[in-house]
Ligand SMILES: CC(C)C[C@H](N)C(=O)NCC(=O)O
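Single chain ahead, written as structure tokens, the form predicted alone.
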Amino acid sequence: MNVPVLPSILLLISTAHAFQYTELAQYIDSHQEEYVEALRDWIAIESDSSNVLKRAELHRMMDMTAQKLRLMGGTVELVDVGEQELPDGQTLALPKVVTAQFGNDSNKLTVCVYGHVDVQPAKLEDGWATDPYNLTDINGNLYGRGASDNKAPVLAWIHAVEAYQALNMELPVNVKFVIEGMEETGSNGLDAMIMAQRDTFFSDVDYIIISDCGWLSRRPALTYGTRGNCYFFAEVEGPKQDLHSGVYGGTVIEPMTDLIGILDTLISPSGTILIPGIREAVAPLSDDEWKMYQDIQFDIENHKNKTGVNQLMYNNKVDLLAHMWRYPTVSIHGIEGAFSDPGTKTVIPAKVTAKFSIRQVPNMDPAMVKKQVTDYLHSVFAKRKSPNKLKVTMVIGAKPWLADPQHPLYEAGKAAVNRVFNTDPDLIREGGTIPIARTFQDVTMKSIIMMPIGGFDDGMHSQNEKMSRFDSTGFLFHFRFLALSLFKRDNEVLNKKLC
């Protein structure tokens, strides 16, 4: 796993605890194969939340997660969060959310760990060197879909608690888990569940930790912000059925031509978003932010080599980081209904659906983005004077999240990272989206910190996703410090510092 660890709760470690840590570290190192096998079992489940045909696998993944926590003696519930409505009007049961609790001592602080066990789609033919659902160890790297995002991090936290139990050590804090199965598609049903349990399950939670992110470089990091995600379908429908291009080509206005035409108006070749109102909503980069970005460890050449491109949109570190983290972007992901199989097929598709997203940032509201995009595409489409029909739908509207990196919680995190790694962490933001962070912030009013457990080169959402096994940012190293992070600080001192 990669990342500092949860120097979390961010407890400064005193020498009085040194013997406990040594014992924990030895236990964790001696059980590494068990941890790998547990991850192997989880990776084998194709818990792709975007594919409704895999929904049974997703339910199985949630059951397996709950069972592991039950076997550890936790108070576990599988919370029903309702149904999902599909584009065709059908409904499908959402995977239940797993909640668990270890300890309920009112004299202790309570930490809630959030994670997810659903994954992005993956197929061998996409370019994987190994079967994405068969964990494969190559030179100390564990390859498999979900290895870094987010199954291994979830297991890391679970195993940290398990190590305490195995050694008959008292947990220094109460630990709660919230583990879901729809994060990769917008955390359907989770917002309502958190709202419903605000005054019950979350009432005694002091801090929330999210480990669904990664380091930026080989330097440890703490994450204080993420972008949101507005995901759209743009459907153009024309003929009543697919047509032969030789027979009908040149006599009909083709839906694919219309669709590509309007997609081309979303963003300029230089990356400028052309939808009115989007760029105007973004707060300008402050001098303090500029200096913070300037001090972050980031290798432009390495970033370029990792992505496999000859040229990036920007050639300086600050511009690149700013456009990765705190500016919105438009990405076109695919076209459903178009011919994409190998070979040739002379068909005019009767209906095609583009899938694209806008990563949104603070000061942008999903409802407003939906209106801006819908109005803009309809206005562009109207100018084409096409007889075809356009339908625009926003299927995900996840808000961005931003914390104060000067908050005492982050100050404590920086102190813990410095103690563990003998260096200060980079304070970074994530270009991706973790929908639940904003919900936790708005609903529970609890302090949140993101403690990455993912390497800068793990390939999350990409081919050959992996988690390091051995090196200094590897998962054994991380398990040790996940356990270390649970050490209790003096309650009075902590409460005084964080109030």
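Heads up: residue numbers just count along the shown sequence, starting at 1. This structure is a prediction, so every number in the text was calculated from the model and none was measured.
Keep in mind that the form predicted in complex with the ligand is missing from the display, and what follows is about it.
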property	result
Open or blocked, the ligand overlaid from its pose in the model of the complex onto this form, 2.4 Å backbone/C-beta test	open
Contacting member of Arg70, His461, Lys446, Arg60, with respect to the ligand in the model of the complex [4.5 Å, heavy atom]	His461
Position in contact with the ligand when the complex is considered in the model of the complex, options Glu77, Asp426, Glu184, Glu235, heavy atoms within 4.5 Å	Glu184
Exercise: Ile43 in contact with the ligand in the model of the complex, heavy atom 4.5 Å	no
Any non-hydrogen atom of Ile434 within 4.5 angstroms of the ligand in the model of the complex	yes
4.5 Å heavy atom contact, Arg359 and the ligand in the model of the complex	yes
Contact label in the model of the complex: Asp212 to the ligand, heavy atom within 4.5 Å	yes
Segment assignment from 426-434, 45-53, 60-68, 29-37: heavy atom within 4.5 Å of the ligand in the model of the complex	426-434
Residues in 98-116 close to the ligand in the model of the complex, defined by a heavy atom within 4.5 Å, in order	His116
